[in-house]
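So this first bit is one chain, no partners, the form predicted on its own, shown in C-alpha cells.
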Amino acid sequence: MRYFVINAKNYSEVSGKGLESLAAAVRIVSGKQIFREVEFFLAPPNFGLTSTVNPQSSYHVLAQHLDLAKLGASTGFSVPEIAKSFGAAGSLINHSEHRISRNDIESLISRLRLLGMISVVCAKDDEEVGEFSKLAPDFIAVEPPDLIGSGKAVSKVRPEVIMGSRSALDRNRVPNSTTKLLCGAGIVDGIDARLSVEMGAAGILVASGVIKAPDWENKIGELAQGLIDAKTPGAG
C-alpha cells in the first residue's frame, strides 16, 4: 500500500465552496480502480471537517492540528474527541507551521491511539524522525522546512534526507511498531512521488503541489500514479 496525504492548509483556494471542489476531486481519484493500492487522506481547514467527511468516499479526513485540551470547558481548542465525533480519522501533529513540544507530541499520539485515530507526526529532519519513531505514531512525515512550498522536491535536491530518515526510523523503531515514513516538501509531480517511494518512503504529504495546481483532479491523479509506478515500494 502507498499513502497520499493532501494538506489543504488555509489557502484561499479551499475557502468556502473551493473545499467542496477539492474534496470532490479527491473522491473521484481515490475511487478509481487503478489507484486501489493508494490510501488517500485529506487534511482540510478544521472549519471544513464536516463538509469533507463522506462515509461513501474512499479517503480519510484528518484534522490539521489537535490540542490536548479536555472535553468540556475548553473554548477555542480543537479537542480530539470532538474532532472524531465530526468524522475526523486522525490528525497531523507538529507540522512545521504549528510546532509543539515533544511531550505534547507524545501525549497526542497516545490520546489518538486510545481513540482509534491516526497520528501523522511531522519531522524536520532524520534526527527528529529517529526521535519520534520511539513514540510509534502511525506515520512520520519528514519535511525540511526550507523546501516546503518551494517547488524543489526533497527527493531531487536532498535525497539523503529521505534515505537517512528511513534508516533512522528502522534503527529506532520500537517492537511491534508499524510506523510508516512519508516524504513531504516541494513535491509537485509524479516523478517526485515515485522517487520518494523508491528512496524508502511509503508515501507523500503534499500541500501547495496540489492546491496551487490549475486542475486538482489531474494533479492528484498524476501524483497517485507516481506512487504506484515506484519500482521499490517503501515498507515504512
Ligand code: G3P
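Throughout, we count residues from 1 along the sequence that is shown. Since the structure is predicted, the reported quantities are computational estimates derived from the model, not experimental observations.
A second form of this protein, the form predicted in complex with this ligand, is not displayed here; the remarks below concern that form.
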- Message: By the heavy atom within 4.5 Å rule, which residue out of 169, 61, 207, 199 makes contact with this ligand in the predicted complex?
- Response: 207
- Item | Listed residue that, although this ligand is not shown, lies within 4.5 Å of it in the predicted complex (heavy atoms), from 147, 82, 136, 115 | 147
- Query: Any idea which of 178 to 186, 66 to 74, 50 to 58, 191 to 199 reaches within 4.5 Å of this ligand in the predicted complex, heavy atoms considered?
  - Reply: 178 to 186
- Message: Considering non-hydrogen atoms and a 4.5 Å limit, does this ligand approach residue 143 in the predicted complex?
- Response: yes
- Sequence order please: the residues of 19 to 51 with a heavy atom within 4.5 Å of this ligand in the predicted complex. none
